[in-house]
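Given as structure tokens, the chain that follows is alone and in the form predicted alone.
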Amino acid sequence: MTAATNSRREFSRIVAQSLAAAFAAPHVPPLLDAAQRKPTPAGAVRLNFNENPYGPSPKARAALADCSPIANRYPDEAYGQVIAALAQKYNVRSENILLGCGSTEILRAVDDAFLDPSKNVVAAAPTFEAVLDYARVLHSNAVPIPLTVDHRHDLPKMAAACTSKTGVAYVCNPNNPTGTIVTRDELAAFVQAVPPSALIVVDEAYYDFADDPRYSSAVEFIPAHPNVIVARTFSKIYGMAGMRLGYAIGAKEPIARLREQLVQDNGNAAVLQAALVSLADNDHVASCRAQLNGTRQWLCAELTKDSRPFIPAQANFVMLDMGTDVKPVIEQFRARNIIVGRRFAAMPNFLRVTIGTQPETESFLAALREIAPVRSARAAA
């Protein structure tokens, strides 16, 4: 028997064991799996996925039209240009920036790089589920810490839960689905309290909508705390949710560990061209922020007039306390061709609605007043 034969047999044995382990792993439904969603009716008002209804900047749209000549080439140059632009934006080196297929690929890479069956992940409950869902695939334990009574991260309890067995501490700020924030001072204390062996991931997908003066990005903590990384996305303020591009900012070593977990050639020519010009189009960002925050403030003022309880939000969505399980309420909105957020198991009475255009949001409010008249809302309050 030759050495080559032994090598082939050993390879076959390893492959067989790997496949067996993969099929034995617990099934975790993909987060918001498109194949599991109901089809969206034609002409529906879509207020369910926290998308930017105004879409990409006109300059990004023009860049999309111009990308066809390079569509047959790998976009290495554009990839590097986007990384360089982000590095300049945050005053860091290119080695401190990582691109992903949406920020969700970044979050999966975090779990792959820093979790295993011996490590746990500490997170708020409820929060954006991606990190927790991916952790289950890796057989890592989740340590959920309930939100405070005002629906905010309980950072002191989260810090206390972080031990030498913690691989990842996840903070979504502003938080999805509640829209609440942790302040700069609260985050600073948390970063100091968490063991440096744990990676602190601060998901700032909704950063651009927060206008509370107490709020601040965690990017400032990275130089003194290399166990902090920040995840951002082009899906929200840049209006590019369907194009899938996210990024991380962090110290050289953790970013290098994350890079090892990414899909090779994970950027496409179209989104990279659009992202590059979007980063330079500050006017479009400011316009989207002003319109969406203005509509959010208008909606919250109307809800207050109606005495409807809701969670004050710092994102492009708001959660309303309907006083009853929202599953049938969601279907009533669908019957009116208005698609709102899904039911959250930890907050079954709360309805999350994305801020749309002003007319879209007015349509939502009119439907809400039909489905749950003001008199009923006041009685529940």
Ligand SMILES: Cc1ncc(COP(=O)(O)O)c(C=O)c1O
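Each residue number is its position in the shown sequence, starting from 1. Keep in mind that what you see is a predicted model, and the values were worked out from it rather than measured.
Just so you know, the form predicted together with the named molecule exists too; it's not on screen, but the next bit is about it.
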How about Asp203: is it within 4.5 Å of the named molecule in the model of the complex, going by heavy atoms?
yes
Taking heavy atoms only, is Lys119 within 4.5 angstroms of the named molecule in the model of the complex?
no
Indicate whether the named molecule has at least one heavy atom within 4.5 Å of a heavy atom of Phe114 in the model of the complex.
no
Quick check on Pro126: any heavy atom within 4.5 Å of the named molecule in the model of the complex?
no
Could you tell me which one of Ala135, Val182, Leu199, Leu107 places a heavy atom within 4.5 Å of the named molecule in the model of the complex?
Leu107
Of Thr233, Ser216, Gln273, Asn293, the only residue with a heavy atom within 4.5 Å of the named molecule in the model of the complex is Thr233
Within 4.5 Å of the named molecule in the model of the complex, counting heavy atoms only, one of 99-107, 145-153, 82-90, 296-304 shows up; tell me which.
99-107
Taking heavy atoms and a 4.5 Å limit, what residues of 151-172 are near the named molecule in the model of the complex?
Tyr170, Cys172
